[in-house]
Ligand SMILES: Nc1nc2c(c(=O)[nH]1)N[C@H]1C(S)=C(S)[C@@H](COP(=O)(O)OP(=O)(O)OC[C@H]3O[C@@H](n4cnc5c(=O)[nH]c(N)nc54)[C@H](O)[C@@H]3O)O[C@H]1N2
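Take a look at this one chain, the form predicted on its own, written out in structure tokens.
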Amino acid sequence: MTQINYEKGRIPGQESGIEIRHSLCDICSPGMHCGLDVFVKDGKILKVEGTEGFPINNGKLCTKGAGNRQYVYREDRILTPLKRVGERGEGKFEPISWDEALKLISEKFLQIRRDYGADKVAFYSGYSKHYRFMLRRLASVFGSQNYGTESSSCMTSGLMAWLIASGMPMGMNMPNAELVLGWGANGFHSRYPMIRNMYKNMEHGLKVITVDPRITPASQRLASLHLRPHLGTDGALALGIAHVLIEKDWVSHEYIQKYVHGFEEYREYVKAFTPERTYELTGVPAEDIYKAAEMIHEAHGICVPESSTLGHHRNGMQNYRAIMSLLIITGNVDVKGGQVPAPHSFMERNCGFETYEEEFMEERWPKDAPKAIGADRFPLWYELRKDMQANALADNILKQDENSVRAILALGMNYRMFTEDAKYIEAIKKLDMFVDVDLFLTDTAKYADIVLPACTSLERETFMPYAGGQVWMTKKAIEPLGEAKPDTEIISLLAQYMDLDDDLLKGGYDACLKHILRDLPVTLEEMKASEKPLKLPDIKPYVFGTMNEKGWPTPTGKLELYSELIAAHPEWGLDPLPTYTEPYNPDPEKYPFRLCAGARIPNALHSRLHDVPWERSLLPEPSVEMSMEDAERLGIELGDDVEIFTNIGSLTFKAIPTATVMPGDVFIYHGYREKDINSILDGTNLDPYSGFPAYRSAYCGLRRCA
């Protein structure tokens, strides 16, 4: 009989001493946070698997989640508080105690507040996001409006577009949809649970239009029609489709008359976007534009997935508005199978129940303090978010005037996410104090005066809500490595050491959660006692049409194609209609190639996973994808060194000629510190509506290296 080696087989049980502990992966956004089965022996993680029956992933993991063990045990984990002893950027630190670190930070922040004002300290959140409600309140109680996040470049542009149109967040009712407009949505690489749901619904007749310049797994496996516009021309394509819908009288006149504001102005504007002109602007053939309009006309129930990529253009938010307008004029908002209200429950996720998170963050907001950084340059952003626009932070510091920030508390900051990011290093060097909280000694952390070690999601308790009224409080799968602490505990400790006027923050994570979740029918203790998410009782599904009949929280009470909020502020210089402007090219002759920086790959998220061996092995070298035609014309072969140059600088990458890319386009994957594509993107090329950078519609030159 074969002898079973339980330990070698990593089989849990008494024979092996291995047990399974349940946790979650928070490497990517809170929209995922998939369930993990963590195999633990003697306090060490042996492997992770997906949790069967979990609301998001149902036993599956993407390549990123599968690398959690290597992620937790990376060699550059920070295990103790560190104090800088060398020059900023050298990475020379000495270990110090938590007490010493917290005293140094608190004394310096309080001194800056006394001498220069609370607004001279900025508070910034990168990844992860579970603590943000506490960090925002910390900034407010301290007295500063200068709280900002990586959402200055992610997701929020689309949210702003819906806030302008409807006054509230919106989401998909995909189970009842007949058509999904997959605009810039490649879920195989960035949102795989959505793909699973699409496959399921396709069995019942769901059709998909994929809109993406590249051939992607989504366009190959899901799409009935694939539209391939030039980078940054999505808005023109949407307006061209709208032209056909209106010309063919394929719009819902009754719906428009009852629920829509600004249709006449909108109709007049889209007259110029004939299929022929739209083809000239976008490269999408006129017959495909007609076909897309016909599919929209024939479908009952159309929705659009949220896609952060659509905001990454100088015209990004207006592109979003133009796409959303297709749903509005065809009567596909607040109807079965369409785009429906999705009010936030927690962490900007719609889970079917209400909490006091917004109140918790807003009730102490210092309305009389100086306005947040970026408020003057991006007034619509400030009007809708009240946050600092982090893409304006470096310029604020580099001015070195009476309005410049003098200190930053950053949690998970990655300066490489900003365009022309060398400015952020120069800005950090000018600060009186820079504090970074992170898991690893990142390139950003090396510039900090104090570095504080944080926990991964497997080393802490985390509250997570899920769609359909499910809630969970995870347990620690392992004890924190070294002296690492949860981000939430660090925030609470800083509130204590600075003796801020806030008993909730001083009381810690649990106290804040109990306050926010106080009306839920289950307690925090009951959540902690459960091994898996609990379903809240009596969660009632949304009744379609409620907001259409009740009236939307917009100036007109209707869905607005013409924004009265924007129209009321002509000094902003913004357009009330979803108008189209072409991407910015400083010199078309010198920079003839359209450049997309940051296209998703399945093994990475920004730069967080390039130092995880499993993930790095899937694409070891920084690479540029280009069309086969361009490669042949320029004498470039697979693996050749290729120089990419912009008006900011140049870098070399390994060439990958591919049939998935159109001539004239180049795609570069970001996050490689040795070839940081964001470092040569123009930091002034920002969307005036949202402040978002034009990562995905920049321009460059390209040549084969000798």
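For every residue, the number given is its place in the sequence shown, counted from 1. Since this is a predicted model, take the numbers as computed values, not measurements.
What follows is about the form predicted in complex with the ligand, which we do not show.
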request  = Identify whether the ligand in the predicted bound form is within 4.5 Å of every residue in the set Arg214, Leu231 and Leu411, based on non-hydrogen atoms.
outcome  = yes
request  = Please run the contact check for Phe667 against the ligand in the predicted bound form: heavy atoms, 4.5 angstroms, yes or no?
outcome  = yes
query = With the partner left out of view, is Ser607 within 4.5 angstroms of the ligand in the predicted bound form by any non-hydrogen atom?
reply = yes
query = Can you check whether Lys675 is within 4.5 Å of the ligand in the predicted bound form, heavy atom basis?
reply = no
ask   = Taking 4.5 angstroms as the cut-off for heavy atoms, does Gly598 touch the ligand in the predicted bound form?
value = yes
note = Exactly one of Cys455, Leu138, Val251, Ile636 comes within 4.5 Å of the ligand in the predicted bound form through a heavy atom, and that residue is Cys455
remark   = The one residue among Tyr509, Phe463, Phe434, Trp183 placing a heavy atom within 4.5 Å of the ligand in the predicted bound form is Trp183
inquiry  = For the interface check, one of 106-114, 151-159, 238-246, 83-91 should have non-hydrogen atoms within 4.5 Å of the ligand in the predicted bound form; which one?
reply    = 151-159
note = Across 465-491, the residues having a non-hydrogen atom within 4.5 Å of the ligand in the predicted bound form turn out to be Asp487
